[in-house]
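Take a look at this single chain in structure tokens; it is the form predicted alone.
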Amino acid sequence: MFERVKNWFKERINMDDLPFFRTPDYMYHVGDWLGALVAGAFFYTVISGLILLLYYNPEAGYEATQTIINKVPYGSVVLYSHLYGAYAMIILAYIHMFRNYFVGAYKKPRELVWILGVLMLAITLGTSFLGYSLIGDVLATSAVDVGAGILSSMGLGFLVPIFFGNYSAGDYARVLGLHIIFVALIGLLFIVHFFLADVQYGMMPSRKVKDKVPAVYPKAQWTKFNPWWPRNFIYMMSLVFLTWGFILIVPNLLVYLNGLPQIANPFLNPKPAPPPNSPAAASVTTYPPWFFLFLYKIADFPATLTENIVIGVFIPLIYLLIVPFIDRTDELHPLKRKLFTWIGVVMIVFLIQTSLWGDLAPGVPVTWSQVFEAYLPPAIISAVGIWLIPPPSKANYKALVNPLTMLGFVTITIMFVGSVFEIMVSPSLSSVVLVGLFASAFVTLGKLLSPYITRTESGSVEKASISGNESKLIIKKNIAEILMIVLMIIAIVIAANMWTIPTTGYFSNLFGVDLGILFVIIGEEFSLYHYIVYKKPVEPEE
């Protein structure tokens, strides 16, 4: 049956002739497909946004939001997952961007791909801010007030009515219009970005294959790789459905968490706050959406608002746009580009640190000494840490720096910095012990991280024979087939029960949880099918 469907599409669309990039066997892991995850989140958000557009009345933003949540069948499921689809897109875009930053994917000939990606992230943040404002609650109004204040402080007050219209009266027509325009702009940039990344240059080869620029496969070599249809398509669909599943599951479970502490609300609460003119609004601590908490805190710094925005926003953005032209080395390994690696680590640390600071102390002015105490230690510690890690000294050393590795490094750095900050603020025996523990962990990490980053895959390690691998693979494929059947049965049971869930009311979000589980199962089915059909006993590097 599947073969007939596959051949039908293959004949009608001429799948084999599509100029999409052919993929080497070793690239079928999520680290090389982060762009597909971002695209999956983007398409889900667009689809759910179009559904919401059928019911949303921009002239009465808050009332329309409440109508969607309480009266439209499964409206809250669509609304909350639309919100978290945007959140997922932002998080995945950050991971995608910094992953490409550390592997040097901005270098020749991918400069334009990189620049488009940075612009898309910036526009995504603006689009998400506008979409968040459409809710019309006290938090959205407060966030728009902050945005309007920033524009006015920069001498761009004339843009406030153009961007936000008469939002203070509950009319979000202008915000909705710009929200849709920005989404369309992301779509246009995505087409160009995808064309350049997939059709022109293809996926970036592993450093085992290319450790210096230009990191591209010659087009003549592409014929050796797997065609886009059907293997790449099946693998991509597994990632897309898994992404959609978690976008549905997470917010529709979080909606049942009540009484969250104030500091958790920006990250974990998908429900709207009270309307801005209600008595309940007076008891709400206002804060922007979590992805702009860093901007919220930057506004508390002692310089003028314009200077703070330039330092905290425009300079990092300009740096990211021009980094392909100032990092002129041919090296791709992050430890052979230590200055730029350090800047990347510092940017991640500062982004997380400032966001948490904005969440813990919103609207509290800070002094320059506090700014230096907060930001100088992680910058120094990161520099020392990166300097201590030796670059690979042998040609056959294989770098394993990836987002998880960098996240671990960042986490340890933040914990170490936090303990240093604690001893500076309130010195005590316990804070001394804390610093000692985290300092030990940091030094230990430096020793442990080095062999991971420069882990060798030398010939001294004997590989299992092909015949042995084939036997093990057959067993694994048999298990995968059984898992596919089990998952299919579970999916049928869930699908049969989910239609009994009320369309509105307290329990309606369980429909979103079940639908998300179904998507996860479908994604796993695609993944298992990909494994059963295409997995080879030995998948060589090149």
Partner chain sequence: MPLKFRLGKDVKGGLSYQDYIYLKRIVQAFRLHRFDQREFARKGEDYLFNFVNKNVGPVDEKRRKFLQGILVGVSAALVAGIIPGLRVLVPPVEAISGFPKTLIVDSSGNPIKASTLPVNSPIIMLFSYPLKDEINFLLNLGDKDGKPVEIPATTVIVPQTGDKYQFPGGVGPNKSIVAYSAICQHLGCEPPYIHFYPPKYVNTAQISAPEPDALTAEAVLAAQKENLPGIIHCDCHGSTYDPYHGAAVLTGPTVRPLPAVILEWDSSTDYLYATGYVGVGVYPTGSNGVPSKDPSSDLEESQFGVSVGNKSSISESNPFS
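Computed from a predicted structure; not experimentally measured. Numbering follows the first chain given and starts at 1.
We do not show the form predicted together with its partner chain, though everything after this point is about it.
K.L.:
Contact with its partner chain in the predicted bound form for Tyr28, defined as at least one heavy atom pair within 4.5 Å: yes or no?
P.N.:
Taking the distances in the predicted bound form, the answer for Tyr28 is no, it never comes within 4.5 Å of its partner chain.
K.L.:
At the 4.5 Å heavy atom threshold, is Tyr74 in contact with its partner chain in the predicted bound form?
P.N.:
Residue-level check for Tyr74: yes, a contact with its partner chain.
K.L.:
Against its partner chain in the predicted bound form, would Glu481 count as a contact residue? Criterion: heavy atoms within 4.5 Å.
P.N.:
Yes, Glu481 is a contact residue.
K.L.:
Taking 4.5 angstroms as the cut-off for heavy atoms, does Lys224 touch its partner chain in the predicted bound form?
P.N.:
Result yes; Lys224 sits at the interface with its partner chain in the predicted bound form.
K.L.:
Each of Trp33, His82 and Leu510 within 4.5 Å of its partner chain in the predicted bound form, by any heavy atom, yes or no?
P.N.:
Judged in the predicted bound form, none of Trp33, His82 and Leu510 sits within 4.5 Å of its partner chain.
K.L.:
Residue by residue through 479 to 494, which ones have a non-hydrogen atom no more than 4.5 angstroms from its partner chain in the predicted bound form?
P.N.:
Glu481, Met484, Ile485, Met488, Ala491, Ile492, in sequence order.
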